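Provided below as structure tokens are two forms of one protein chain, presented individually as structure 1 and structure 2.
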Structure 1
């Protein structure tokens, strides 16, 4: 019952091997066979709604088969403030390590996109909504340092609900830390392409704006805060349309909006113009 009654179903929580599962499209409300949805890159075949992808799925989508290699040491989030909301943050982290198998909310590495070698970081929305904790900030910083040292372009695929509240002020500091790394990287000839997927909010949205080129997946939302925080701050609801990438492209803040089917090709086309890279 539960699964089919709920209007909103987050796809990544459904085990990949489960058969005969149908999900209801968040946008058009129609039932879709899960296998068919997966084959269609998790895009609703009826209305074109883009379901969320896990970090692993994103890497499989964007990089040439077998070319992705993780870089750096595994860095884990820690419960530095002994934070407790409904459950303790330490417990949350332990559970995530056991279920998802990721130590933090970003996967970084190198890979080829249409034959062009690049460094790439992908936010894992399945890890506490891709929020920006200290470990995530450190991994992103290392990614830009690695890209700079190795003369590689840098791509970051963003999907994040914002700052990691459980890490308090440390989370906020990551925004300045990563921006510093981006600016250093760009000053030394680096080329940063940021990819916005649904949604990118708060600090990560600010970081994403550092892209030399900003590519967005169709129907994504990017902005300074999500509906709940917005309402809390302004005492009234924020019209969701204002954060839609299609509108922001018209306003001049996003370079190009493409569907998931065109994303890899678009990135490949952009990377081919990176000056230090010969084909």
Structure 2
């Protein structure tokens, strides 16, 4: 088991430097200084709960400094259904682009992980809960096509609430589209590592399960629907751990579960092993 170090990791406790902004941990309920939380990779220093990270934070965490470069041109969704809830979908998209600085819910590019060049896609949960829209599906497809043409491994970090309701069938179609792109990539010798973070639901969960190696952050949820929706449909309470990656690992659906502190090293080890094996 030398490739993947399974020794217990002690979550470091970083003393608070500022009491100006404090957040409450979703898991243990304790208040945490936000500056200290950020320095601790957004992991609760008391219970180890993993807070969500933005796409930019994920890129900074996983890729070697200064190595990430975006691929392709910006792609945005179109309001084909003229969808409206409290505001129109077109207005919502514009506001997200202006405030978040991303045109869609995934950031794609190339970067080095422990010195190994790879193609990488990172879902942006901050963009409509990372939902899978037409632009998101197009960028993921583009990523796998680029990885195939350039003989690169592909890593996708998933964090999504499912398909995007504002795009209806156009969103649902992206699941089949991306899966087909992955299959074409793998048939030609491509190597796909999927990374599950909290949560990964609906179509993106189906896509994530297509990885040659499936890595997950500790405590993450994955499934066709979230726990609350599943309980409403089944009319009964589910076991607390039913959709957690730790149970899925025990059942053989997830290969590796690690803390955020181990994630880059683990991915680097996988990529180095693949590079040696593929030569």
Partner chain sequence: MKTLPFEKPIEILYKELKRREVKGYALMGLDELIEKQIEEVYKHITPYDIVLVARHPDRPQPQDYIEKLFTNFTELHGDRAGEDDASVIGGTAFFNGNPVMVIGTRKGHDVKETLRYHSGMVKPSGFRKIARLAHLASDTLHIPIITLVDTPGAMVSAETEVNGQVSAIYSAISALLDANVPVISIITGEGESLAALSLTVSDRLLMLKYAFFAVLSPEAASSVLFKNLDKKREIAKELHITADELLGMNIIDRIIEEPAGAAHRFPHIVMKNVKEALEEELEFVSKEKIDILKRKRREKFRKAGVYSE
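Numbering follows the first chain given and starts at 1. Every value quoted in this text rests on a predicted model; they were computed, and no experiment measured them. Rigid core: the largest C-alpha set superposing within 1.5 Å between the two forms.
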note = Structure holding the form predicted together with its partner chain is number 1
query = Under a superposition restricted to the rigid core, does residue 240 display a Cα displacement of 2 angstroms or more between structure 1 and structure 2?
reply = yes
